[in-house]
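Below, in structure tokens: the form predicted alone, a single chain.
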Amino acid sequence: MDAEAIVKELRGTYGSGKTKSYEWRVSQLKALLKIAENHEKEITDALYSDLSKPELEAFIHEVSMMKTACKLALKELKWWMKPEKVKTSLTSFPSSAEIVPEPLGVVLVISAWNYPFLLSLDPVIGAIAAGNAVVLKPSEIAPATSSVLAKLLGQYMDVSAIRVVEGAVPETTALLEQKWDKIFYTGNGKVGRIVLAAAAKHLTPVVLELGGKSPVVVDSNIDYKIAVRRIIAGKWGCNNGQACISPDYIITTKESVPKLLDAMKQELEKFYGKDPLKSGDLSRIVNANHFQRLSKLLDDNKVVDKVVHGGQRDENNLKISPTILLDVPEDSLIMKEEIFGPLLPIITVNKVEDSIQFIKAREKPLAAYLFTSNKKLEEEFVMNISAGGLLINDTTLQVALSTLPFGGVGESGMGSCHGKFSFDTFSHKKAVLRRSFAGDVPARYPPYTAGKARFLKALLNGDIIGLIRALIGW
């Protein structure tokens, strides 16, 4: 791979104006849609190879969401591209003004392994819709999906403007050494800092989709069965906890714990059976390194006696059962880093309102969840918790709405995507002011006289009386 040559080729294509046309954008979005429609089995097989991802999860969370994003872009693209008329002022009268969205140029998308199909193509959809040339670097930790992406995009897409670069750290490093017009990175904060440092050398703007410890606050006045099912769906039903918006820990009161635990144990058995390690509905841990990382969290001396459900491990098949831990110490390893796996600690507080301060004392997460029927608590939660997104009485569904921006804040990331937010992320909003040769005001030109000063001060202050007086020479 010659990263410099690839960027040079794409800059030539972009410079020709080819990618700016509405027709080209539509043709490439339709090509992406064909990939998802014509190769669903190949894609879901690759996802199973990389993660043992259940076919239904692979379709709903990856293929279907990618298709929905494509269809939305095709439907709305003309409106997204249309200049936005804005008001002018007396200062520029007579004039008209508009905001014109224009593509940034040649952009780099570095995607993640946990949702390797969706997280690769969702930002690419936004970049194409905005009229950019794109290089996609899929994650090498999901090699089967990376290979399928490289093959299918090579077959269906305009390779003079859209390229896939496979590889690991050397290839990513070589790409980061190039000058881009934007970099979109999905992954962890450690690599995010490397990406940001590389981008700073070229003053390249960056979107970082990271993660963090997303909390779930559970109040006492709720339907525990429904709440628990929704927590399970967002935790173990999302790639077995290997998701950036997956619930990372629960906060509830001491009084609520027995009901919550009973409900969780019952529903987990219904969903995954008495031996969840044999369930075909749970993804495996992505590789041996992540298996060892999660095992280290479980084997920490501070939490070994805190497991109240699950804890079974199968290293040969990289499986860990849904595991619940109760009252883990705040200084334990499991509470110091994002878990990104099937382990779920429960923290207890004296009253549910204490949970807000507990969350605020930590880094801002990508998501925060609250289960309650108390409107006052709900309002307090929304007003006081800073996170990428909030969801009341469910988990993870906020990511499915194209009308909501998806992105982090603080340690959980910067920038956003989804729907028009993706289009905006890869666009520059160009200010355009138009004037005629009529209405030229001599007062703005030297020599500056007292009369001109009175006129301009009145004009800029909006002083109509003063303006009239200046015009008639008073």
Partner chain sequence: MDVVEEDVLGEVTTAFRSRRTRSVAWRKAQLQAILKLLDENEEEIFEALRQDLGKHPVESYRDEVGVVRKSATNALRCVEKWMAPQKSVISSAALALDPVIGAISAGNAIVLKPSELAPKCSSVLANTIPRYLDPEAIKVVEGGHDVSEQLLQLKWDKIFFTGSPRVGRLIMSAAAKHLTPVTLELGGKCPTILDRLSNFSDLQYGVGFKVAVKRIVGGKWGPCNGQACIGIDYVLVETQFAPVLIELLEKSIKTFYGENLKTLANLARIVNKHHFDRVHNLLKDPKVAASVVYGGSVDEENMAIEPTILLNPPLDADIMNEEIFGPLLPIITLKNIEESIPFINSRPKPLAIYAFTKNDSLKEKILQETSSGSLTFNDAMIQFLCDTLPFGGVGQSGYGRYHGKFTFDTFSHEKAVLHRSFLVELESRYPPWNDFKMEFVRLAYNYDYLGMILLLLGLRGLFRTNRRQ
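What you see is a predicted model, and the numbers here were worked out from it, not measured in a lab. Residue numbers count along the first chain shown, from 1.
If you look for the form predicted in complex with the partner chain, you will not find it shown, but the lines that follow are about it.
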Next on the checklist: Looking at heavy atoms inside 4.5 Å, which stretch does the partner chain contact in the predicted bound form, given the options 100-108, 292-300, 160-168, 316-324?
Outcome noted: 100-108
Checklist entry - Which one, R284, K137, K306, R229, lies within 4.5 Å of the partner chain in the predicted bound form by heavy atoms? => result R229
Item to check | Candidate from K82, K351, K376, K360 lying within 4.5 Å of the partner chain in the predicted bound form - any heavy atom | outcome: K360
Next on the checklist: Just checking whether S49 would be counted as a contact of the partner chain in the predicted bound form - the rule being heavy atoms within 4.5 angstroms.
Outcome noted: no
Item to check | Proximity of G407 to the partner chain in the predicted bound form, heavy atoms at 4.5 Å | outcome: yes
Checklist entry - Could you tell me if A197 has a non-hydrogen atom within 4.5 Å of the partner chain in the predicted bound form? => result yes
Checklist entry - Can K30 be called a contact residue for the partner chain in the predicted bound form at 4.5 Å between heavy atoms? => result no
Next on the checklist: So, a 4.5 angstroms cut-off on heavy atom distances: do all three of K18, P143 and Y249 pass it with respect to the partner chain in the predicted bound form?
Outcome noted: no
Item to check | Members of 363-387 lying within 4.5 angstroms of the partner chain, judged by heavy atom, in the predicted bound form | outcome: E363, K364, F371, T372, E378, V382, M383, N384, I385, S386, A387
